[in-house]
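As a starting point, one isolated chain is supplied in structure tokens, in the form predicted alone.
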Amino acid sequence: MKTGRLTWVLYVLAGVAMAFPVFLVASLVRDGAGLLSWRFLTSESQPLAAGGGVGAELFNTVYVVGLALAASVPVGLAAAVLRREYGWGRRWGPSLEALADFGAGVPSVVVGFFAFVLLVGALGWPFSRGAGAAALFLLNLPWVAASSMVVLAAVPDSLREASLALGATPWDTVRRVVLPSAAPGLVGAATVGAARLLGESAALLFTTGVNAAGAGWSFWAPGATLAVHVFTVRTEGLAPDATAVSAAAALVLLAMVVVSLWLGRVVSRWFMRRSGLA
């Protein structure tokens, strides 16, 4: 009887947990689905008039998040490999790991304020895509390093020992044994990091600004992303259809997150099949 009651309690808690995202998505669909179209995805936003789109914001999102991922994933993975596979920092290695875990949990608004003080205040960078990418780099680097160290630690030591016993160098062992075995987990960690960056707004409000109009591929052009656009339109929007625009933009952002997570699962499964784990 006690087990049955506990099961029902778990079902109720799971239902409550599922109810909130379902309600959220349903409200966004109700308010913004009518605006979704190719024109909405490609046209410029209109601060004061109805009928604006998210073309520039969509481009800025891919631009800024892509730059941040291209920089933070290799650097974070390299730090994890040096620590786990080469014993870099043996004396203060645990402190480095604790620092990476702490950095992964620092509020994004703190990271954004630090990037603002350093880049915009001290170095004189303008509010730009480059400053936003740098802020997201600082935000994502600890996450990549900490998660990569956990994934690498899960690779059995027997694989490393067998490779070294056959005469492979430490680098060959890392390149041909450890990284292929850890690839599914590494891809999953990077995908979760990408999803976090797609929805980031606090750090970018201090660095990219709220202006989405950019000059082509310019690194120094202002570049508000979809997340920043959703926030500003919903809180300060003056257009007659501001509520609908913010809801539609949020739906586009959710779709990007879902697609990124799905692609991550596809790539992870490919690595698992290639390594014989699936």
Partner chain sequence: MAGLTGWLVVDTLSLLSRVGVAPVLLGFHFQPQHGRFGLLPFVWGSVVVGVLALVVSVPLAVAWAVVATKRISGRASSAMTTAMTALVAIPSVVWGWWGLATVVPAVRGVLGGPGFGLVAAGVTVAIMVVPTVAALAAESLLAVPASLEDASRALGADEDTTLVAVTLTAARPGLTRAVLMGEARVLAETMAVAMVVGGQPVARLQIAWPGATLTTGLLTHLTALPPASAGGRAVATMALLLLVGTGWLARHLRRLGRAS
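These figures come from a predicted structure and were not determined experimentally. Residue numbers count along the first chain shown, from 1.
Not pictured, yet referred to below: the form predicted together with its partner chain.
- In the predicted bound form, residue 231 approaches its partner chain with a heavy atom inside 4.5 Å.
- Although the partner is absent here, residue 263 sits far enough away that none of its heavy atoms falls within 4.5 Å of its partner chain in the predicted bound form.
- Mapping the unseen interface onto this chain, residue 259 falls outside it, with no heavy atom inside 4.5 Å of its partner chain in the predicted bound form.
- Looking at residue 201, you'd find a heavy atom of it within 4.5 angstroms of its partner chain in the predicted bound form.
- Comment: its partner chain is not present in this chain, but in the predicted bound form one of 28, 58, 69, 35 has a heavy atom within 4.5 Å of it, namely 28.
- Along 10-29, these residues reach a heavy atom to within 4.5 Å of its partner chain in the predicted bound form: 10, 11, 13, 14, 16, 17, 18, 20, 21, 23, 24, 27, 28.
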